[in-house]
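A single chain comes next, written as structure tokens; it is the form predicted alone.
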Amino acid sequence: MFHWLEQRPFFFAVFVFVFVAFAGIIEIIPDFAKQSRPVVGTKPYSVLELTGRHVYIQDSCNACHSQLIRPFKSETDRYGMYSLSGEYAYDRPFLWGSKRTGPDLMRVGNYRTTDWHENHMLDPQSVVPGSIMPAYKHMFTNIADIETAYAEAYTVKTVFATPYDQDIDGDGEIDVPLGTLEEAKASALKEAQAIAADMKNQAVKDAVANGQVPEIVALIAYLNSLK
């Protein structure tokens, strides 16, 4: 067999390619599948956090901020633990990014507060002198679209078996409830009230008190979840 291949360079090259490709598949795919499984503690986004993620994408925050900490000391010193593939198990789409006009936000929830985000989104230069980031004042008056976020959560639960309404960590309690649309709205409003309580903007507080969720509240919920 080998003597026959040695006399035919083309078939020998094909044989080597197939052999290496097969070995690569056997070696890489199982490890890739294992690494892609959710990291312990990773949970799906709540409906309010998912709403904020929609605002994040809608306003193209991902065009200037990555969500991927590379395993280099300069990055881990600044942003924290490098990213693991299993941490993105419930992200659709991924917002890794490769261009950083602003800092990486993969773990911004570990070192920024609701108050900081409120001031930063309203007037970035007041928090970070010299910042080139524009203000996003419209987020304080625009009302977030909770229903679209619920529709996405319901879809990924049904199609991709994302574990909403499940006990993920085995403590006997549902970790991320979804329920019906009305239940999800009530849960999102309750979560929004907790965030608005830490904010100073009176118009935002009044809107939440009236049962509405401004985009800034949803966005802060999402940013606070990034850890």
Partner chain sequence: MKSMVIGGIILIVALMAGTYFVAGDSLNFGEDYINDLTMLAGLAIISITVFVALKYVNQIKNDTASGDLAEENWDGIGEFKNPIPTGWGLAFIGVIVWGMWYMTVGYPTNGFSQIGQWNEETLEYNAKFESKWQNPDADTLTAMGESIFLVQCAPCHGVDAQGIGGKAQDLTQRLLKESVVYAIKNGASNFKTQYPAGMPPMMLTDEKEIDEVATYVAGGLKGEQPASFAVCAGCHGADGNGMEYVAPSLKTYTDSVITAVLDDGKKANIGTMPSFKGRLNETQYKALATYIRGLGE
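On a predicted model such as this, the values are computed, not experimentally measured, just so you know. The term rigid core refers to the maximal set of C-alpha atoms that superpose within 1.5 Å between the two forms. Numbering follows the first chain given and starts at 1.
What comes next is about the form predicted together with its partner chain, which is not displayed.
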* Asked: With the partner left out here, if you bring back its partner chain in the model of the complex, are Phe17, Asn62 and Asp145 all within 4.5 Å of it by some heavy atom?
  -> no
* State yes or no: in the model of the complex, is some non-hydrogen atom of Thr155 no more than 4.5 angstroms from a non-hydrogen atom of its partner chain? => no
* Are any of the heavy atoms in Lys34 no more than 4.5 Å from a heavy atom of its partner chain in the model of the complex? -> no
* its partner chain contact at Tyr111 in the model of the complex, heavy atom, 4.5 Å -> yes
* Trp116: touches its partner chain in the model of the complex, heavy atom cutoff 4.5 angstroms -> yes
* May I ask you to choose, among His138, Lys99, Lys73, Arg92, the residue with a heavy atom within 4.5 Å of its partner chain in the model of the complex? => Lys73
* Select from 77-98 the residues with a non-hydrogen atom within 4.5 Å of its partner chain in the model of the complex and write them out in sequence order. => Asp77, Arg78, Tyr79, Gly80, Tyr82
* So with the core overlaid, does the Cα of Ala209 end up 2 Å or more away between this form and the one not shown? -> no
* Verify the C-alpha shift of Pro30 between this form and the one not shown: is it 2 Å or more after superposing the core? => yes
